[in-house]
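In structure tokens, the next block holds one chain alone, the form predicted on its own.
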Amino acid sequence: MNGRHLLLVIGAEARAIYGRASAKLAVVVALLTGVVVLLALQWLQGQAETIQANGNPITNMVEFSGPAAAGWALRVRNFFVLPLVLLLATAASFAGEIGDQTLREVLVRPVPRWWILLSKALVLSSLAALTLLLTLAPALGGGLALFGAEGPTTTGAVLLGYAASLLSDVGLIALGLLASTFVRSVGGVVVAMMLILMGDMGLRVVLKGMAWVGAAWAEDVGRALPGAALACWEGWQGEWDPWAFAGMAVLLLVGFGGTLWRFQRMDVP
């Protein structure tokens, strides 16, 4: 076993993951997000005389620049659909392969299980990076061509937001893989993750309430929970929250570490 064998495993995993409908959907949605946001901003700019609030034209309320277009595209991309599609791709690559017995056939090969898990994590992360690039390219490139670069939003800040968003996507992939070791169906993984994140949101609301009545520690704990960690990319719009990144470090350790521990010990039917 050497590096060449590992590359062959990664290549086989890439063909499997990128060949599924979930990965193709992620690519299409990512590209459409950047294009649609750019076209929407162009349309709004052309409606400056007709869309007003208290006598102020839309051009005074919305920033029209290339970096701003990329920022809006990132917000739309991370709102709901793309994270859900990435979660579907993650569940299909593990829980789905258990269900259709593809993973059992892979495990017959004389390769360590951690190679298989590493290959899945790397390919899924590359899919996340590709979707970010496909959203960024038309939004930023087209925005610079249509609106220019001047404005409060800077290109550097937006690019940091996209980089942090990749970290958030990898964190979501880690959680999805871990859930796949407990819930062995694609739909079950998605439902389980949604319930976990809803519970996380409720817990953060409770912790905010505790902080409001005087428990100073509660707010810091809430800022490090998985839901806050997955939203660490939002810091590009203002201040970066170190607690969110600390939570992300814990999430990645627990997600990938827990998945590896369970995968090494689980029976794959």
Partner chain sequence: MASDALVTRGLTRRFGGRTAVSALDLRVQEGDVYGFLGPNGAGKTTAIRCMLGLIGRDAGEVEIFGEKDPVRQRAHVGAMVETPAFHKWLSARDNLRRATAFAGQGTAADIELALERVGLQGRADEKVQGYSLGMKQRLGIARALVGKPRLLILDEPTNGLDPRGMREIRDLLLELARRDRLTIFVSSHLLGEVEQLCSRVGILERGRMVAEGTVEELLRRSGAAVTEVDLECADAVALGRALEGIAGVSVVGDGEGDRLRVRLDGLSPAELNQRLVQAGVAVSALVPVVKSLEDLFLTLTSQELT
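Residue numbers count along the first chain shown, from 1. Quick caveat, the model's predicted, so the values are computed rather than measured.
Form predicted together with its partner chain: not shown, discussed below.
- Among 126, 185, 102, 155, the residue placing a heavy atom within 4.5 Å of its partner chain in the predicted complex is 102.
- This chain lacks the partner; the member of 163, 111, 144, 122 within 4.5 angstroms of its partner chain in the predicted complex by a non-hydrogen atom is 111.
- Among residues of the shown chain, residue 116 is one whose heavy atoms approach its partner chain to within 4.5 Å in the predicted complex.
- Remark: residue 5 counts among the residues lining its partner chain in the predicted complex, judged by a heavy atom distance of 4.5 Å or less.
- For residue 106, a non-hydrogen atom is located within 4.5 Å of its partner chain in the predicted complex, even though that partner is not displayed.
- Contact check for residue 12: a heavy atom falls within 4.5 Å of its partner chain in the predicted complex.
- The candidate spot formed by 75, 193 and 197 is out of contact with its partner chain in the predicted complex: none of the three has a heavy atom within 4.5 Å.
- Taking its partner chain as it sits in the predicted complex, the stretch 230 to 268 comes within 4.5 angstroms of it through a non-hydrogen atom at 266, 267, 268.
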